[in-house]
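Listed next as structure tokens: two forms of one protein chain, kept apart as structure 1 and structure 2.
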Structure 1
Amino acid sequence: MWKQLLPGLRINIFVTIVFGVVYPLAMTGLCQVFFPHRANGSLITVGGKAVGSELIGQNFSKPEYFHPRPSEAGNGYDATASGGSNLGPTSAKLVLGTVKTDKNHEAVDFDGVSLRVVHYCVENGIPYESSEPLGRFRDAGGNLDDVKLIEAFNDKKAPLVFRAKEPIPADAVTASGSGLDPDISPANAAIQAARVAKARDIPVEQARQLVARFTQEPTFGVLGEPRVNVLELNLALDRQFPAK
């Protein structure tokens, strides 16, 4: 019996040592020597402190920053809960959004593409058509009431119809499959440039030049699409045109 078991056992031990110990250690060592930045998470540091990674998106909501692609990962850009909404293009929830009751108060459950289009148009000055004046959906502080907007979109009798008069990049209002996409399209960044320039009190052309400088071409010229890393772009903004 041992004559039959020992050869297999020796092969098992050999393969475990070679591919479970030697190979991983060799690859780790080579990567640390030749690709240390990527091997350690492609971290971006400012003043010696890590502020993020080139590979993982994070939220920016202030008008003086370029905004990232929407995220469905956890509460947004949560690397421990990477994933999409799993909603298809015919899903009413994906298009119209939903609300929920939280402690006797209505709150947004899922914002939906329609609501994202409204905010994108309003924030970036894109002309639009609306079946109802948006003033009806603002709170006492003048901010858009997302719950009222979602309820209006879902109204069975007279649903709110909102349409942008100019094309909106898909990545501006839809989440990626991972929810962690760190990049946006150059078209999305170009539309946001006017808002960012106004908030920082700089000529819009300077903001557009910065977008062009941080636009990356497809990998090896064929893989993927042109893209702009949001974190790198916003850090460059803070360095070159500090917000007042």
Structure 2
Amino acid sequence: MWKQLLPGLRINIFVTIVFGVVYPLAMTGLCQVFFPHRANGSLITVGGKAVGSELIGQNFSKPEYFHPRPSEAGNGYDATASGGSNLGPTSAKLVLGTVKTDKNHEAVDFDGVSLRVVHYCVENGIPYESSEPLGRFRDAGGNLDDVKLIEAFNDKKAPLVFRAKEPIPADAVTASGSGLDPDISPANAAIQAARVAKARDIPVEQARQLVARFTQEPTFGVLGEPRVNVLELNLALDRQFPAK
């Protein structure tokens, strides 16, 4: 019996050493020698300090920057908690969003595509039609109240119906699979260019030209999709047109 079983143990120990220790360590050594920048995460440094990775998206919410896609990694672009929403096409949470009540304060639990469409239209001046004027959902400071909006979308009797009158690129209001998508579509960047140009007080054409320069076409003209790396684009913006 043992004579039959023993090779099972001995070969397992052998393969653990070969494939579990020698192979990955040797690969680490080779990669560190030949591709140190890539092997260590393709980090981008500005003034000697790492500001991010060219492959990993990060949060931008100020108007003078291009915004990345919505992210479901942790609280947004958490590069230690990658993942998507995993919500299906008929999920009310995905489409309408949810709020959660903690003690006395209500907070947004999941923002939902409807709310994102509202923000995208308002921020970028896209015409829309709404069953109720959006002014009703603004707080004293004039900002949109997300909790009220989500509650209105979820209202069983008379839900808020909102629709953009110009097509919105799908990537702008949906979350990626990794939650760390570094890219947006060129169409999404082109729409945001107007807002960014206004916030930086530069002609729209200059912002659009920058977007065009940072647009990556499909590899060999066929593989993958055209895309714009948000972090690289924003860093170039800061270099060329520093915000006032």
Partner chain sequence: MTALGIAQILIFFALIFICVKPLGAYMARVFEGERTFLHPVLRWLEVLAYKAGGVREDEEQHWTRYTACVLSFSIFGFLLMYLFQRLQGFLPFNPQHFGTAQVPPDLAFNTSTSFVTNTNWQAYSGESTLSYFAQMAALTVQNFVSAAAGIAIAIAVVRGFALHEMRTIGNFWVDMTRAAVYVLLPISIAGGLFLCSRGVIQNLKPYTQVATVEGGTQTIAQGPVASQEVIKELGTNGGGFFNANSAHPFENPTPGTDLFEMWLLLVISASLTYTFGKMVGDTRQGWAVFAAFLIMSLGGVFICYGFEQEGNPILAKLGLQTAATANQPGGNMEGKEVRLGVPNSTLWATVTTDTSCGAVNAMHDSLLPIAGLVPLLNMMTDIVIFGGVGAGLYGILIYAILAVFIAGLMVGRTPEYLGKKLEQKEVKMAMLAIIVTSASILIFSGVSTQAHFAPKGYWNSPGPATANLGNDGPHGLSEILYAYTSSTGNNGSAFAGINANTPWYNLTLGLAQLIGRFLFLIPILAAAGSLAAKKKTPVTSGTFPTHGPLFVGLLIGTVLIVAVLTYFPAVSLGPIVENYLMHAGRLF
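By rigid core we mean the largest C-alpha set that fits within 1.5 Å across both forms. Numbering for residues begins at 1 and runs along the sequence of structure 1. The model shown is predicted, which means the values in this text are computed figures rather than measured ones.
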* To do: Identify which of the two structures, 1 or 2, is the form predicted together with the partner chain.
  => 2
* Asked: If one rigid piece of the chain rotates against another between structure 1 and structure 2, which among Thr90, Lys156, Gly142, Gly48 sits on the hinge?
  -> Gly48
* Degrees turned by the smaller rigid part between structure 1 and structure 2 -> 16
* **After superposing on the core, C-alpha shift for Gly8 between structure 1 and structure 2 in angstrom** => 8.7
